[in-house]
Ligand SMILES: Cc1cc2nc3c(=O)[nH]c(=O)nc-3n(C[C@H](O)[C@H](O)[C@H](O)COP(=O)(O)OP(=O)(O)OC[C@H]3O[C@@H](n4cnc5c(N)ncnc54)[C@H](O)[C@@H]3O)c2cc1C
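The chain below stands alone and is given as structure tokens, in the form predicted on its own.
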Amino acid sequence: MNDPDRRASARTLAVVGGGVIGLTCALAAADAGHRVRVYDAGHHGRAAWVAAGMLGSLGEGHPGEDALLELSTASARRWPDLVARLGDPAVMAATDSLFVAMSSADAHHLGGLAEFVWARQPRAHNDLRAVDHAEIRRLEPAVTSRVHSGYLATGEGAVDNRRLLDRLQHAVRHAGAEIVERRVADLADLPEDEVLVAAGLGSRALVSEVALHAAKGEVLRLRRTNWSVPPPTRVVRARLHGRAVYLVPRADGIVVGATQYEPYSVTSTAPEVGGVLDLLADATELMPGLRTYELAEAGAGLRPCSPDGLPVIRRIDERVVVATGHGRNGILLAPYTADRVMALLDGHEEPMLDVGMTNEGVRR
């Protein structure tokens, strides 16, 4: 929607935060006729810049996180529409995920997660199925021959996070919104009628009512050479000796992730030697051919996490709405967050949940 007459008479909206959450919400608001200005402090320290971009509703199902699983599933259903809106199918880096166990103990762990998902998401019986050693090797021949067993999650893919940010910026501007490079220190300094705070960890300095903590995660980017085996065609998520590692394809190589450090140990955004070493060791054990790849980048980001693990999407007062605290699922939850923010801007206070979701699906 880009009606100049309607836009001229619309209320103005400031979006503080130029990450995936902020830009997706800004695009939805601009499409709805709002006059939008995005205040972007740059990608330094932005979690989405170093993310793998996995859209893992089934892969993110962990016992005790029932509400997050339902919320993630609801948002995953919205991703095809968002990709279509961006007009660039290449934003999708993969469409399926292969879960791999390296031992019987790892297989038992994955089986428990599968049972949890199957019990809470009826559709998962069609989208998540067990695969044996032979089928894993047929699906992804570069995976080690020492693999035990696993699961194939159909439709659970990943996006290229940096291409996504680029396409979102382009779409937001094309929809008539403005993006300015500015770090906002006080919401009172903004001239817009309404404000959406979607600044990740920076949100807590702008909205005192929001409690957040940082969870540091490291991600590696490996570049394929002329002598390298091709990257996998699917996301490969493995359980190796009790540790999790994943490989996500990119046009020029693979993203390897991810570590996660408890809040008390987060002191900087620099990658730690131990984390990088563990990721490289696990990745090359899972896919030995990665030894011929180049280490193009070792990055770390700080994920904004809420105390209960659910995103904080709510109205603070008559002027301010906040959308933050998405933790490891910021990219996955972006379309749902945009719909929820638009509902709040339109005056709907009750959570907008899909059929079958409980009222605990999003924190108010």
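Worth saying up front: this structure is predicted, and the values here are computed from it rather than measured. From 1 onward, residues are counted along the sequence shown.
Just so it is clear, the following notes concern the form predicted together with the ligand, a form of the same protein that is not shown.
Chemist: Okay, which stretch from 28-36, 63-71, 48-56, 311-319 lines the ligand in the predicted complex, with non-hydrogen atoms inside 4.5 Å?
Modeler: Contact criterion met by 48-56 only.
Chemist: Decide if the three candidate residues 98, 236 and 335 all line the ligand in the predicted complex, where lining means a heavy atom within 4.5 Å.
Modeler: None of them does, since no heavy atom lies within 4.5 Å of the partner.
Chemist: 247, 164, 93, 219: which sits within 4.5 Å of the ligand in the predicted complex by any heavy atom?
Modeler: In short, 219.
Chemist: Can you pick out, from 271, 253, 202, 232, the residue that has a heavy atom within 4.5 Å of the ligand in the predicted complex?
Modeler: Looking at the other structure, the residue within range turns out to be 202.
Chemist: Would you classify residue 296 as touching the ligand in the predicted complex, given a 4.5 Å non-hydrogen atom cut-off?
Modeler: Because no heavy atom of residue 296 falls inside 4.5 Å of the ligand in the predicted complex, the answer is no.
Chemist: Can you tell me if residue 143 lies within 4.5 angstroms of the ligand in the predicted complex, counting non-hydrogen atoms only?
Modeler: Output for residue 143 is no: heavy atoms all beyond 4.5 Å of the ligand.
Chemist: Taking any heavy atom pair closer than or equal to 4.5 Å as contact, tell me whether residue 182 reaches the ligand in the predicted complex.
Modeler: Residue-level check for residue 182: yes, a contact with the ligand.
Chemist: Residue-level question: is residue 258 within 4.5 Å of the ligand in the predicted complex, judged on heavy atoms?
Modeler: Within the cut-off, so yes.
Chemist: Would you mind checking 300-314 for residues with a heavy atom within 4.5 Å of the ligand in the predicted complex?
Modeler: 301, 302, 303, 304, in sequence order.
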